[in-house]
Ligand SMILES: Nc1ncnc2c1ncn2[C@@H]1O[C@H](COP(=O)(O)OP(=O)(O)OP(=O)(O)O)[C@@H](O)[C@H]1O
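The data below hold one chain only, encoded as structure tokens and taken in the form predicted on its own.
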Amino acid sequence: MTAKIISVFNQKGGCAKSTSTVQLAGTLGLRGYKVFVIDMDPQNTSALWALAATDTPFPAEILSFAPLGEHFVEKVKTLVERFDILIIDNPPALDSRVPWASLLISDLAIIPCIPVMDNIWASRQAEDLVERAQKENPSLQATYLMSMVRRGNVFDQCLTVLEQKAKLPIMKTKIAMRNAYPESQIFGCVVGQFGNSPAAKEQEALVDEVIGLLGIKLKKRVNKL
């Protein structure tokens, strides 16, 4: 089958973009999907995360193509018949052509967004880029993923503002700020490899939602959380 392509992007840094990419990719891998992550961020966070794995290999393949810039698209052509899902971790740079090139070849764009006002103010730039890309790639879907969510009136109010103003849908699954996420970086794994936990259940719910958007066959883990 030809791989479905997901772009994880946001023009604002610090919104858990790479964390979202790696957790989604690894959780899909644990479900039995063949997943390849293209790390286009010069910081190489996704690629370094996978390299931290020791006894147990990371459940998805991750490589940095960042030096290729927007020309990474040529590499994608060599991968689409070998994997079920490709995920592109884009750089948070307004002047980069990479997110634009990524959106033009993607089936789904996921925009991680923390429910704080500076993220919401910056979300308009991401929406503008999606709207332009959809004119050239009409099959592109796009959605917000609320990340690093905490309890409190401030976060609730900011989420309400985004819901009122956003031109794109917001995923039902919300990813909380939990210690399990930075801990999984240390061990080069995803939270699902720690066993049953609220973080693991969040990621399983996210995978279900993403698979539904992509319209591909849903796989369940044999060892259910």
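Since we're looking at a predicted model, the values are computed, not measured. From 1 onward, residues are counted along the sequence shown.
One more form of this protein exists, namely the form predicted in complex with this ligand; it is left out here, but the text below deals with it.
A.B. asks: Can all three of 12, 19 and 175 be found with a heavy atom no more than 4.5 Å from this ligand in the model of the complex?
C.D. replies: Spot residues vs this ligand: full contact, yes.
A.B. asks: Is residue 43 close to this ligand in the model of the complex, meaning a heavy atom pair under 4.5 Å apart or at it?
C.D. replies: Answer yes; at least one heavy atom of residue 43 falls within 4.5 Å of this ligand in the model of the complex.
A.B. asks: Report yes if any heavy atom of residue 185 sits within 4.5 Å of a heavy atom of this ligand in the model of the complex; otherwise report no.
C.D. replies: Residue 185 belongs to the contact set for this ligand.
A.B. asks: Might residue 148 be said to contact this ligand in the model of the complex, defining contact as any heavy atom within 4.5 Å?
C.D. replies: Yes, residue 148 sits close enough to this ligand in the model of the complex that at least one of its heavy atoms falls within 4.5 Å.
A.B. asks: With a 4.5 Å heavy atom cut-off, would you call residue 181 a contact of this ligand in the model of the complex?
C.D. replies: Residue 181 belongs to the contact set for this ligand.
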